[in-house]
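Take a look at this one chain, the form predicted alone, written out in structure tokens.
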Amino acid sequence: MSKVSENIVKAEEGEVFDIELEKDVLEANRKLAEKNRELLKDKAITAIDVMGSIGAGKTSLIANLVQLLRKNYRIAVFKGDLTTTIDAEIIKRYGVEVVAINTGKECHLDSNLVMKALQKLNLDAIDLLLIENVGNLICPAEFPLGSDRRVVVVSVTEGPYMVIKHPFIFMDADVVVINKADLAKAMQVDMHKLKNDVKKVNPEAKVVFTNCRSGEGVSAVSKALDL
């Protein structure tokens, strides 16, 4: 396999859709997202958009899911980041195809960048695509990518009010992962209160507690995603 550094999608100047722009830009993103969705459906590929803050555990969750599911799925991973391929290289170690998407200074992936990244893959050779969004709890919510399901990862180290402070991103989530369960007591965070906060915002969301460092709860995440 080639190194991830040789397989990077980079945003060109003025290309990334910005959340501050007018509604027609959001509509353009939505239309491209639908094209992505149609392409993925045509290729029978299940796509999962994984969102969350920096350090919440998105990469660790994806690494665990890859290890759990690679015997049953042909997996590829898109790793969104501002400039580096550090986390992409971590995922690459598990023997799956990885495309790093560098957004430059933008705080989210958009459907155009995902469309470009899809062109880097042999879509006939995969059936599960895990997309790690840029670490942010605000911008990614506004930019669907064409995925089948959306996951939000939060950790107890972010404090007890993370859901209340950033409710919008949870409204469209299919699964919410509350990570670093082993640190809840030390951080004096009530995980069940966090779960209740999610349910108030989105009663349909499935909430799973995890410790992605040990792998605890990852199989439950897989089940919640119907994988």
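Sequential numbering from 1, following the sequence displayed. Owing to the predicted nature of the structure, the values given are computational and were not obtained by experimental measurement.
Although not depicted, the form predicted together with a small molecule is the subject of the following passage.
- Interface membership of Ala56, defined by any non-hydrogen atom within 4.5 Å of the small molecule in the predicted complex, is confirmed.
- In the predicted complex, the small molecule stays beyond 4.5 Å of every heavy atom belonging to Asp172.
- Contact check for Leu183: a non-hydrogen atom falls within 4.5 Å of the small molecule in the predicted complex.
- Remark: Val208 does not count among the residues lining the small molecule in the predicted complex, judged by a heavy atom distance of 4.5 Å or less.
- Ser60 is the sole member of Asn29, Asn202, Ser60, Asn36 with a non-hydrogen atom within 4.5 Å of the small molecule in the predicted complex.
- Only one of Asp87, Asp148, Glu106, Glu97 comes within 4.5 Å of the small molecule in the predicted complex through a heavy atom, and that residue is Asp87.
- Partner contact region in the predicted complex: 47 to 55, out of 47 to 55, 162 to 170, 66 to 74, 193 to 201, criterion any non-hydrogen atom within 4.5 Å of the small molecule.
- No residue of the trio Lys23, Asn112 and Glu142 has any heavy atom within 4.5 Å of the small molecule in the predicted complex.
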